[in-house]
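Just the one chain here, the form predicted alone, laid out as structure tokens.
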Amino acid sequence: MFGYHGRFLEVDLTRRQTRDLPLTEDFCRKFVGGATMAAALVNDRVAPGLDPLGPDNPLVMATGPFTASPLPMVSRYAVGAVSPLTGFWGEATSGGVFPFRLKGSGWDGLIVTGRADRPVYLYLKDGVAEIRDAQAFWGLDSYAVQDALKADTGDAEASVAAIGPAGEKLIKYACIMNDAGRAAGRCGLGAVMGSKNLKAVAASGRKRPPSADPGRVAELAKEAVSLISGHLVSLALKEYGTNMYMDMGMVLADTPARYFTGSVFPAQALTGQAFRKKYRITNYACRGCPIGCGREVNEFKPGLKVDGPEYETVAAFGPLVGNTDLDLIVEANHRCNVHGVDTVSAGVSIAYAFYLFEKGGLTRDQVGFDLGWGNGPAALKLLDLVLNQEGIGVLVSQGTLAMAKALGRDEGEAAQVKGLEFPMHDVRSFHGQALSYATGPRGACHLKGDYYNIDLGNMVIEYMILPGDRLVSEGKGEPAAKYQSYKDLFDALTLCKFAPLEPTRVAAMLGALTGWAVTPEELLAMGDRSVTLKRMLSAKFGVNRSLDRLPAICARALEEGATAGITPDLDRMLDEYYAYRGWDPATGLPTQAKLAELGLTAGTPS
């Protein structure tokens, strides 16, 4: 097989056993890799009633056929399991060096089941796997444990993906950190690792599967580097990182303020330029990336270098709580990284507490101090309560939906879809994005179809996904579904979402690596299969059309900014979306005919 090792490492932590799980070429072509292959493996092993924090929840780390190849922007891996935050399918991806090392260890990924009787970590190198004791490392933060395990292995080339204290404490939105500050951030998969007493995975090695046509791969890689390097968005990302968008987001009413109840704020105080002006910032790149969108704030405190913050974090701890204090945002970001929590869910949950305090849903006696828009120190103090699992922080650490239920509030106040908190793009601003949030395979997600990019002027001509009026809902269903499928495929290949590559080029890359004759139409079908597979997986736990909805707090028309008086027509878009997907419009579930067309069944994908 070209492009794959053709095997996963299967780890049973309860029995402390490992074995190889062979992958057939048919299975690889059907489910590609990354998050899609993870979903296929998990789907075979879970049933309704599963406890996401129980030993039977499989945790998968998966690379794809692109990973560790000469192509640019492919050093990514996916993590998948049933999410403890949402109760449905959960996935996250991360970059850095770890994806190269994971595939270089001699496997395409690993699947972990069971629960160790005491803390352990996995060490994978050149086709040999060890389950090692990690008792001495339990309690270390996510940075310290990476350094400690590199020293423990004595392997200078090892890269480590680990949980911090948040994962150990089973915080519902704990993440997995690798290569210092890179994060597989969403869905609480760090808590799944913690529930298994798995502190980390250390990977090393340079085993790379052969390519079907190495010369063509090299040619395509060279072309792609040139195309990516000269792209306008790539240049902006290199200069300012993802926070290049802050001021544009405010102008378009796309960056939410005051817990999604506003859109106007002093954006100039929070831009990438503002960060550049105040701090000495350097950028860094994942292995093989010509952009380098990662930020490092140097000497934030004596001897301290802080990873990030990215746009999502700046918005979550900035305008979402009415804060413009850059020092506080950098500090909040760093504490999240050290403990290992998702900055999006953490920031949105804290902002919900601010909103509740304003509305009388939380009192000073319950919180212990006052919350009010613009009170940055209070946001940081509340974050500490979350991280330390103290007082009201215990509830806030469970996410907005759990907060609303526990406090007897209307669930429409919880800024989430299927339990996953909203990212920092406002659905009133881009109606195609609203649909992507409502139907996203893991819940509210701007990366599972970043449709705002389409209506900002980008396009995928081969699939007739073209820019339109961002404030119009009619006609968005089919192109948003296609774009969601195409971008879902990136997490299978694995390919960074910032890679501005058209389907014909991606198909050629996959063909040169694997030897498969792949057309752009087949690529789209692969993406359709991926989205549908994840839908069927989540359907085991209750997902249907009734959960494809937007919370009122995020969809209700605003009285200010560029979207004043405007709200998306979700039902209209959903009907168009289901028609394209071949899903029953009444249930929102795939029809038997669609499952047969995609080679899936309701019970198992394999």
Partner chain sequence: MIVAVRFHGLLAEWLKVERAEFILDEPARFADLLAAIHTRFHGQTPKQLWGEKAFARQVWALSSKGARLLPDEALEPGQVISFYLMIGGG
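Remember, it's a predicted structure, so these values are computed and weren't measured experimentally. Numbering follows the first chain given and starts at 1.
The same protein has a further form, the form predicted together with its partner chain, not shown here; the description that follows concerns it.
Candidate from L232, V128, A517, A156 lying within 4.5 Å of its partner chain in the predicted bound form - any heavy atom: When its partner chain is considered in the predicted bound form, the option within 4.5 Å is L232.
Looking at K534, K196, H425, R295 here, can you tell me which has any non-hydrogen atom within 4.5 angstroms of its partner chain in the predicted bound form? Flagged contact: H425.
Look up in the predicted bound form whether Y452 has a non-hydrogen atom within 4.5 angstroms of its partner chain, and give yes or no. Flag for Y452 set to yes.
Would F498 show up as a contact with its partner chain in the predicted bound form if we use heavy atoms at 4.5 Å? Flag for F498 set to yes.
P210 within 4.5 Å of its partner chain in the predicted bound form, heavy atoms: No, P210 stays farther than 4.5 Å from its partner chain in the predicted bound form.
Any non-hydrogen atom of H446 within 4.5 angstroms of its partner chain in the predicted bound form: The answer is yes: H446 has a heavy atom within 4.5 Å of its partner chain.
Would you point out which of 330-338, 480-488, 247-255, 405-413 contains residues with a non-hydrogen atom within 4.5 Å of its partner chain in the predicted bound form? Heavy-atom contact with the partner occurs in 247-255.
Would you say all of E239, M459 and R470 touch its partner chain in the predicted bound form, counting a heavy atom within 4.5 Å as a touch? Every residue of the spot touches its partner chain in the predicted bound form.
Heavy atom within 4.5 Å of its partner chain in the predicted bound form: which residues of 174-204 qualify? If the 4.5 Å heavy-atom criterion is applied to its partner chain in the predicted bound form, 174-204 yields nothing.
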